[in-house]
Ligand SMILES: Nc1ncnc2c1ncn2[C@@H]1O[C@H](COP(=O)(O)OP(=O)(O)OP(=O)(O)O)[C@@H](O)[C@H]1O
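A single chain comes next, written as structure tokens; it is the form predicted alone.
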């Protein structure tokens, strides 16, 4: 009689706890990943996911732990160097690569770093880098500077660097956040190939559809506590969102007919050479107009022209019935335009500055007294108003904006623009890096603003976002508007088929 082999685990954590000050980041959490498994770690921002990863990689030491086991070996204390030597690798969302170094140098970097200086054999480095890329089915110019590569190619370089270091367990943090659908599909194919070769993958993503597509199991953590471990087979996005937040996340069509409302903004044959051509559309008061399509379709470039950040080469724009052609963003704001950028970290917020300063930075003139100084009383009143109005969760208004979660940072960006009393609000990919619960909160705010008469342009490459939050949907492809859809008469699969065709 033969005995079935014991199940092999890449990682086992039992009752791991970690606190920071008075905050319990992890409370007796269990987490197990099988060898070669694609496993999702899910939860809202601040739930403890990053802390868990940093415990595994030796960045943080837990206060208590019944068991920490890597590849069958029990570990009492581990540091980042030991974790990497044992085969653990993390690919963070910012990738931590070197833009001015070559592709090969980035791939080989970890293997070249040591305690003693040594000569680098360029030929060996190129050969080993090429072999790793070939194992992934990818070809890249090894001599090219990393900064010349697209973000999807940089993701592959980060994976190749992990494999060069003989990684057997790879944590991937939001790996598809900045990728197009086709790029995402290619990356997921590479992840499946890694799994087939015995590499365990822990996938962290706010995109629930791809989580359910790629992972075999999902571990859900909420407020530092383990909610449970679930097979993805039969799991729905709605149920997973409910497990993550403890609330039922409604996904229903909210579209309304706003055709009788006055037109706030109109574009006619708007063109900017090399970016978009003959774009014509209208946005009405109280309407949420969705604009979707693949990344690179010209959506953000169109928003930049609407905000005066770039100039059109042809066509016309009208705002509240009057000719509109702002020469810069200040003039656009003065005429009632507001823009929430897709890149809140570098364009939307001043990360080192206080929450209060970020909230009022766009309306400093409103707060200035006759002496030319900012009234601290008016400033405090405005900050309190918007924090209360948008439900921003903060410690103190004087805390750096970087202390807030992604969802709360995005609410501060909204507050900054709403303080200008806009007539048209452009939301460009407003939920990138924002967890499912915070997304729902942001879109409740968006709907409430529309109900108050604000015209809103919602730009997103996530079909479900425009499907469930827009009144009309425009599809942009290759710099042109190619179709318009009514969310009440089209389904998500039909919309995806048109957009991703």
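Please read these numbers as outputs of a predicted model, since none were measured by experiment. Positions refer to the first chain, counted from 1. C-alpha atoms forming the largest set that superposes within 1.5 Å between two forms make up the rigid core.
Only in words, not in the display: the form predicted in complex with the named molecule, which the text now covers.
Any non-hydrogen atom of residue 50 within 4.5 angstroms of the named molecule in the predicted complex: Because a heavy atom of residue 50 falls inside 4.5 Å of the named molecule in the predicted complex, the answer is yes.
Residue 93 within 4.5 Å of the named molecule in the predicted complex, heavy atoms: Yes, residue 93 is a contact residue.
Flag residue 44 as yes or no: does it have a non-hydrogen atom within 4.5 angstroms of any non-hydrogen atom of the named molecule in the predicted complex? Output for residue 44 is yes: heavy atoms within 4.5 Å of the named molecule.
Please determine whether residue 206 contacts the named molecule in the predicted complex, using a 4.5 Å cut-off between heavy atoms. So residue 206 counts as contacting the named molecule.
Residue (of 316, 251, 300, 405) lying close to the named molecule in the predicted complex, criterion heavy atoms within 4.5 Å: Looking at 316, 251, 300, 405 one by one, just 405 meets the 4.5 Å heavy-atom criterion.
Of the options 77, 388, 393, 121, which one has a non-hydrogen atom that comes within 4.5 Å of the named molecule in the predicted complex? If I apply the 4.5 Å criterion carefully, the residue I get is 393.
Tell me which of 22 to 30, 65 to 73, 467 to 475, 443 to 451 has residues with heavy atoms within 4.5 angstroms of the named molecule in the predicted complex? Among the listed stretches, the partner-contacting one is 22 to 30.
In sequence order, which positions of 160 to 176 have a non-hydrogen atom within 4.5 Å of the named molecule in the predicted complex? If the 4.5 Å heavy-atom criterion is applied to the named molecule in the predicted complex, 160 to 176 yields only 174.
Using a rigid core alignment, state whether the CA of residue 455 is displaced by 2 Å or more between the shown form and the other one. No, its C-alpha moves less than 2 Å.
Under a superposition restricted to the rigid core, does residue 490 display a Cα displacement of 2 angstroms or more between the shown form and the other one? Where the cores coincide, residue 490 shows only a C-alpha shift between the shown form and the other one that is less than 2 Å.
Indicate whether residue 477 shows a C-alpha shift of 2 Å or more between the shown form and the other one, with the rigid core used for the fit. No: residue 477 shifts by under 2 Å between the shown form and the other one.
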